[in-house]
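One chain follows as structure tokens, the form predicted on its own.
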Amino acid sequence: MSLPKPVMRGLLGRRLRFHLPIAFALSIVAAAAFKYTVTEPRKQAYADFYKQYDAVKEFNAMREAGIFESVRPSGE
């Protein structure tokens, strides 16, 4: 009464036939979840920020604060 030998021939092929479609489907689901939970809200946040962003106003505020070495504040 001994244990039967394990079937080793074709083991990789059988396991790949089972696991490869599952891995592919899970990767598609993960990519879609990342796209709609991370990248789309981030793109919307950037769009909302730049709708009301005034670069010239920011530049003038930084110039008056003395951040730039090449541009003097208007009071000097």
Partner chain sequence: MFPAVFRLSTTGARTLATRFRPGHTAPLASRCYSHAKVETDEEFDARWVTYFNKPDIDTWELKKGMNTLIGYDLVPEAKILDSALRACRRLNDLASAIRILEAVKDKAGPHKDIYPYLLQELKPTLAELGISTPEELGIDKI
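Positions refer to the first chain, counted from 1. The structure displayed is predicted, hence computed values, not measured ones.
Not on display, but discussed next: the form predicted together with its partner chain.
At a distance threshold of 4.5 angstroms between non-hydrogen atoms, residue 11 is in contact with its partner chain in the predicted complex. Although the partner is absent here, residue 17 sits close enough that one of its heavy atoms falls within 4.5 Å of its partner chain in the predicted complex. Contact annotation for residue 66: none of its heavy atoms lies within 4.5 Å of its partner chain in the predicted complex.
Heavy atoms of residue 22 reach within 4.5 Å of its partner chain in the predicted complex, making it an interface residue.
The contact with its partner chain in the predicted complex, taken as any heavy atom within 4.5 Å, belongs to 26 out of 32, 47, 38, 26.
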